[in-house]
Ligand SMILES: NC(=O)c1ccc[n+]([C@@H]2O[C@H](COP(=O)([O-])OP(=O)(O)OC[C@H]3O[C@@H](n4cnc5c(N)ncnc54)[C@H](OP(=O)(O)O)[C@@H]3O)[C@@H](O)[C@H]2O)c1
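Taking the form predicted on its own, here's one chain by itself in structure tokens.
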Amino acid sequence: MDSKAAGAADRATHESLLMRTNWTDTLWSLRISRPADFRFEPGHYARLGLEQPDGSVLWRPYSIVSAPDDAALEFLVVRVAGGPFTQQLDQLAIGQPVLLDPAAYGFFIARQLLPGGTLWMLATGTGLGPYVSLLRTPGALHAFARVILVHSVRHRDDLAYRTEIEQAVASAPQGLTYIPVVTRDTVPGLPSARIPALIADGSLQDMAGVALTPDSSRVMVCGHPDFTADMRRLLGERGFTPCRRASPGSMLFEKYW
């Protein structure tokens, strides 16, 4: 065990699995107990640990889906083929233990962006998690005049939280737009190309009914590393600027992968 892992194990709290929601055979949401002093902002991630037979601990980072005032911590998980952590996590029964590093991590925080204009929240797969947390947190997106959430998945059934997001849209029809994208199924009314391609040819902007420009738009990107690399290149070419700790920008990327 390296020093970082050993340190996390030493300070970890022992939590338990409270609930599981299966979206598909390989995609699910987990809710675990939450220490009273665990604090986070929407966009933070937590490190979960599972004890191994030899006494070691496997650790993995997961974006927090729950709102900061939720009594439990929720995570969106996909089972990785051959992945020892998610294979073990998949077998966890209600009430069984999960280790939690008591610190929240990351800088994928909406307030790092320049305020105003339209906020584009772009996600692939489980990269949706931080955006659900933002939608669940009253006032978290008030700095922006409009919010557009785009979630790209391979198959229709992978559109986790779709009903909840559509209900949020219905309660704020002028301020929130939801655009689901399915790349491997043909779903009437839904786009099937990857998000970078939809932006490059203008299709996504047409669907949203608003331009994507650095003077009027702010962009958050969370998902597979190939997706984030493509988006960083595309947005950079269009004049978007990255966020720095002391300098707000117009594009923000999750980096825990």
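All of these numbers come straight from a predicted model, not from anything done at the bench. A residue's number is simply how far along the shown sequence it sits, counting from 1.
One more form of this protein should be noted, the form predicted together with the ligand, which is absent from this view; the next part is about it.
- Although the partner is absent here, residue 125 sits close enough that one of its heavy atoms falls within 4.5 Å of the ligand in the predicted complex.
- Using a 4.5 Å cutoff between non-hydrogen atoms, residue 227 counts as a contact of the ligand in the predicted complex.
- Under a 4.5 angstroms non-hydrogen atom cutoff, the ligand in the predicted complex lacks residue 100 among its neighbouring residues.
- The ligand in the predicted complex comes within 4.5 Å of no heavy atom belonging to residue 177.
- With the partner omitted here, the stretch from 45-53, 66-74, 32-40, 227-235 that lies within 4.5 Å of the ligand by heavy atoms in the predicted complex is 227-235.
- Just one of 80, 94, 170, 187 comes within 4.5 Å of the ligand in the predicted complex, counting any heavy atom, and that one is 80.
- Residues of 196-215 placing a heavy atom within 4.5 Å of the ligand in the predicted complex: 196 alone.
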